[in-house]
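This document opens with one chain alone, in structure tokens, the form predicted alone.
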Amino acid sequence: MTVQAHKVARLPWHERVGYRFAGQPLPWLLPVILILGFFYLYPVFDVFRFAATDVTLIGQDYEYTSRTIQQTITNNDLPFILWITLIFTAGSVIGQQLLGLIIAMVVIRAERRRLFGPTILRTTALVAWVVPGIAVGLIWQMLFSEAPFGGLNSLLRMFGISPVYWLSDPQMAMWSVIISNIWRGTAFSMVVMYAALKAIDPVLYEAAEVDGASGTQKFRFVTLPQLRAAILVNMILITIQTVNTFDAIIALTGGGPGRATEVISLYAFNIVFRNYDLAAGSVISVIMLMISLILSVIYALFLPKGDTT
């Protein structure tokens, strides 16, 4: 045993622990790990625990059983709910990506030409992003209203076009929900695309112009490849956000007409707070978590390796 080790061995236990971890990152990171673990991981573990029980909101006693998982997964309503969720998520993600990219390109082009208005356009798009989901649902409910004062139908009547049953037609209601969600989420995609477009090296466009590339060719062979990482990361984030969206839908359609717009997050809400079945709602929440994780892994596989953009 060296002299230093002998001195350390004679120290009190708490000073030996401090000496051992001196200069190590673990003591500094441990409080953060414990706080994050308590606030974020504990609820997740509790959801998994409830999913393995038959607990309800109105009963005090429960037992651990796999019957809830079996009944929830084999429920005849689940395939329809997943199909509705797929349509809503795909429509919202594609719409937000395209509209966000278009607005970002318009803002970038306007800034390069020193035109008036890009800041106003960027701010206007961001306003929708900060509006709470319930308020978004109420705003679009007034716009889609089929009453004489409905915003969009009043506009259609001015041009002699027949009113559209935005919320009472099951086929149209899904489009109405998707449009409202695109309006709300486009700002986030715009911000991501705007940052990615600003990071593209102008030399690439100058080289393309020297080679005689048209505007379409520059977009296809320069812009899109450079935006690949941003598009995929944005797709991961807005997909997870869209799968978990229910506040705007419950305010806009309540999941109707019938169950035409009842996505899986709203389905989980109804099971827990209307059927009081906390265990089945936990199973649906676990399914939502699995869907988000699987989609995230699939998207991540297509991320460019070693690309910093």
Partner chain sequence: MTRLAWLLAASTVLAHPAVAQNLVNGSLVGDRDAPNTLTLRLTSDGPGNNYPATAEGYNELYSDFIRNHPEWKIEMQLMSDNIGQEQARMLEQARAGRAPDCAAVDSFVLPQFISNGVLASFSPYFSDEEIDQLFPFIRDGITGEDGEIYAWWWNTDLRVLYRNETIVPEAPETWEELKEAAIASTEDGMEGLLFNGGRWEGTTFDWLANYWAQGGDLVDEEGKPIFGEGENREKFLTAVNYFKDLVDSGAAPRRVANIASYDDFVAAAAAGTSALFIGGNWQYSQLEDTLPAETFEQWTFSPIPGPTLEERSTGTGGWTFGSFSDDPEKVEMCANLVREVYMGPANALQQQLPTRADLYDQYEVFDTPANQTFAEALDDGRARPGAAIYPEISNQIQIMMGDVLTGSKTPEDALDDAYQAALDAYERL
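Everything quoted here is computed from the prediction, not taken from an experiment. Positions refer to the first chain, counted from 1.
Keep in mind the form predicted in complex with the partner chain is missing from the figure; the text below concerns it.
When the partner chain is considered in the predicted bound form, only one residue from P43, P31, G258, G37 comes within 4.5 Å through any heavy atom, namely G258. This chain appears without its partner; in the predicted bound form, the one residue of G117, P132, P148, P79 with a heavy atom within 4.5 Å of the partner chain is P148. Annotated contacts: L167, D277 and A280 all touch the partner chain in the predicted bound form [non-hydrogen atom within 4.5 angstroms]. Contact annotation: the partner chain lies within 4.5 Å of heavy atoms from the stretch 139-147 in the predicted bound form, the single such stretch among 139-147, 92-100, 207-215, 221-229. At the 4.5 Å threshold, heavy atoms of G59 reach the partner chain in the predicted bound form.
Contact between F48 and the partner chain in the predicted bound form is not found at the 4.5 Å heavy atom cutoff. Residue contact with the partner chain in the predicted bound form: I250 places a heavy atom within 4.5 Å of it. Taking the partner from elsewhere, N270 is found to have a heavy atom lying within 4.5 Å of the partner chain in the predicted bound form.
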